[in-house]
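Consider the single chain below, provided in structure tokens and representing the form predicted on its own.
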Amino acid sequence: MPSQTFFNLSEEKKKRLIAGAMKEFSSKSLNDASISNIVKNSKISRGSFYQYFEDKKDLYFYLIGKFRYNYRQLMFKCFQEEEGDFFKGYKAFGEKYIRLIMESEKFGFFENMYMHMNYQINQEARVDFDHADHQKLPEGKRIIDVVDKSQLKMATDKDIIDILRYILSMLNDTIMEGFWKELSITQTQELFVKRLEWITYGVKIIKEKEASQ
């Protein structure tokens, strides 16, 4: 998390630092990125950098957090527009999320993030479903508050949050595969929807005899 010193900077200086970091992370993975290049791009001293962030990982996850906020808003809106329908809401979100990532002006950053995604990056990129107060969602609601729970077998909020997170991880894996295989936006969307159908409706044909047992 950035220090208060960073947040006290002028908007111009913060934007310059973020732009310098984006330039470096758009061409290199987190492991290969260089603080020296970031400070050079940002036209700040190395000492100043460490007044703002602990290390390059701290800065990298701050950038992910800025984008994550926008996608949290998008997910809330999609479920709300689909009246809480689990499949339709996640389908709409997934398709829009994929398009936003793959058409973003920050494409290089996202491509590097997904091409080098590991467990920690996946966790940092995930959406918070069970908080409202600091997420600034409409009317102080949580994402799970706009999911129609009557459609689901889950009995508790925790179970619903677990499946929402599981599908988000699957969505991130699908985007990563899309980058690796150089799939089009449409191909990546179709792959996600197919996997969402498997999770939502199952993969086994239930015969009448089994259904009655």
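So that there is no doubt, residue numbering starts at 1 and follows the sequence shown. Since the model is a prediction, treat every value here as computed from it, not as a measurement.
Keep in mind that the form predicted in complex with the DNA is not shown, yet the notes after this line are about it.
Taking the partner from elsewhere, Y60 is found to have every heavy atom lying beyond 4.5 Å of the DNA in the predicted complex. Put simply, V193 is far from the DNA in the predicted complex: not one heavy atom of it is within 4.5 Å. Heavy atoms of K14 never reach within 4.5 Å of the DNA in the predicted complex, leaving it off the interface. For the chain shown alone, W180 is not a contact residue for the DNA in the predicted complex, no non-hydrogen atom being within 4.5 angstroms. Only one segment in the set 48-56, 169-177, 152-160, 184-192 has residues whose heavy atoms sit within 4.5 Å of the DNA in the predicted complex; it is 48-56. Annotation for 1-21: interface residues with the DNA in the predicted complex are T5, N8, L9, K13 [heavy atom within 4.5 Å].
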